[in-house]
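Quick heads-up: it's one chain on its own, the form predicted alone, in C-alpha cells.
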Amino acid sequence: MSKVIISCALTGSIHTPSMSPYLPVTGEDIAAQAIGAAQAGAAILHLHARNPVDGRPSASPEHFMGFLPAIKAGCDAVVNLSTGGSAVMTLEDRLTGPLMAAPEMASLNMGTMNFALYPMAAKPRQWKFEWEEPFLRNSDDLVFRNTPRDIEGILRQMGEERGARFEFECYDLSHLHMLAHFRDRGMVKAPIFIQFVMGVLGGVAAEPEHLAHMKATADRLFGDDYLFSVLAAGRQQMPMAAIAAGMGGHVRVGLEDNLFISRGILAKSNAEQVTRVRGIVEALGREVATPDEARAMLGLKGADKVKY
C-alpha cells in the first residue's frame, strides 16, 4: 500500500462560532491551526475563509489573504482551497478567492444536492452572532448548486487556466458517474483524487457498506487511475478513517467535518484530530505521506507556482 495522505479541513462553512470556541475563524487562528495540523502530519490543508468579525463563511480574496501567506511561510503543506465556499453563495462569489490565489489544489463538488444543516440548530445554545441560527434553520430549503456547466467552468478556470489539481468531492454514486463523464470528455486526467464525503444530510450516510459500494463503483469506472480518501461528518469521522486506511485509501479529518475528539469532548485544535488519525494509520502498519510525497502522488504543480 502507498503512504497515507492525511488531509485536514480546518474550518469549513457548516459549523458556526457558537458551536465551539476552538473553531478557527480569524486569519491568525486559521494560519496557526493550519501550521499546527501540518506539524502533526497533515500533508494537505483544505481551507475555507471566514469573515473575522463574525465568523460568517466568506470567499473574498481579502479574507483568504488573511492566512494564506502565513501558512506558506510557516509550513510546506499542500494548500487545497474550497470552490464550494458556502451553499448560500453564488458560484461567482465562491470562486473569487480561489481564482486569485491559484492554489496547487482545489476541491470540486461533483453535483447539485440538498445540503441540510438544520438539525444542528435544535441543540440549545447561546448564539454569539445573529446570523448563525437563521443560517442553520433555513437550510431545510437549501440547495448547493454545481450543475455540469458550473463544474466545467471550475475545471477550466481553476484547472486548465491556473494549473490546480482537484479533490473531487463525491457525496453519492451519481457524483462518481458525473466525474467519469468529465473524464470521458478529456477534462479530468489521472491521477484522479476522489474524496468520498459521507454523513452529510443530503448525501450518502457514513456506513461501511456504502463506502464499499462507492469504492467498488470507482474501481469499475476509474481502474488504476484514481486515489481515494474518506471523510465522515460527525461522530463517524475516526471509525470511517480507520476503515479507509485499512482499505488502502487516504483520510481526511478536521473541525470542518467534526468538532469533537471523542464522545462529548470538543477537539481543542485541528492538530489534535490529525494526531489521533495518524496514530490510527500507523497502528494499521501504514506510513504517513509528507507534503512532497503527496505532491508526487497527485501530480501537483508545486508551491512555487501559486499566486500568494
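The first residue of the sequence shown is number 1, and the count goes up from there. Predicted model only: the values in this text are computed from it and were never measured.
The following text describes the form predicted together with a small molecule, which does not appear among the structures shown.
Trainee: Looking at Leu99, Ile71, Val200, Val188, which has any heavy atom no more than 4.5 Å from the small molecule in the predicted bound form?
Mentor: Only one listed residue qualifies here, and that residue is Val200.
Trainee: Looking at Tyr171, Phe222, Phe135, Phe166, which is the one with a non-hydrogen atom within 4.5 Å of the small molecule in the predicted bound form?
Mentor: Comparing distances to the small molecule in the predicted bound form, the residue within 4.5 Å is Tyr171.
Trainee: With the partner removed from view, which of 270-278, 254-262, 49-57, 25-33 is the stretch that lies within 4.5 Å of the small molecule in the predicted bound form, judged by heavy atom distances?
Mentor: Comparing against the small molecule in the predicted bound form, the contact stretch is 254-262.
Trainee: Examine Thr83 and determine whether its closest non-hydrogen atom to the small molecule in the predicted bound form is within 4.5 angstroms.
Mentor: Yes.
Trainee: If we define contact as a non-hydrogen atom of the residue within 4.5 angstroms of the partner, is Tyr226 a contact of the small molecule in the predicted bound form?
Mentor: Looking in the predicted bound form, residue contacts with the small molecule do not include Tyr226, since no heavy atom lies within 4.5 Å.
Trainee: Verify the contact flag for Asn109: yes if a non-hydrogen atom of it lies within 4.5 Å of a non-hydrogen atom of the small molecule in the predicted bound form, no if not.
Mentor: Asn109 belongs to the contact set for the small molecule.
Trainee: My question is simply whether Ala77 lines the interface with the small molecule in the predicted bound form - judged by any non-hydrogen atom within 4.5 Å.
Mentor: Judged by the heavy-atom cut-off of 4.5 Å, Ala77 is well away from the small molecule in the predicted bound form.
Trainee: Run the contact test on Ile14, Phe115 and Leu231 with a 4.5 Å heavy atom cut-off to the small molecule in the predicted bound form and return yes or no.
Mentor: Answer is yes for this spot.
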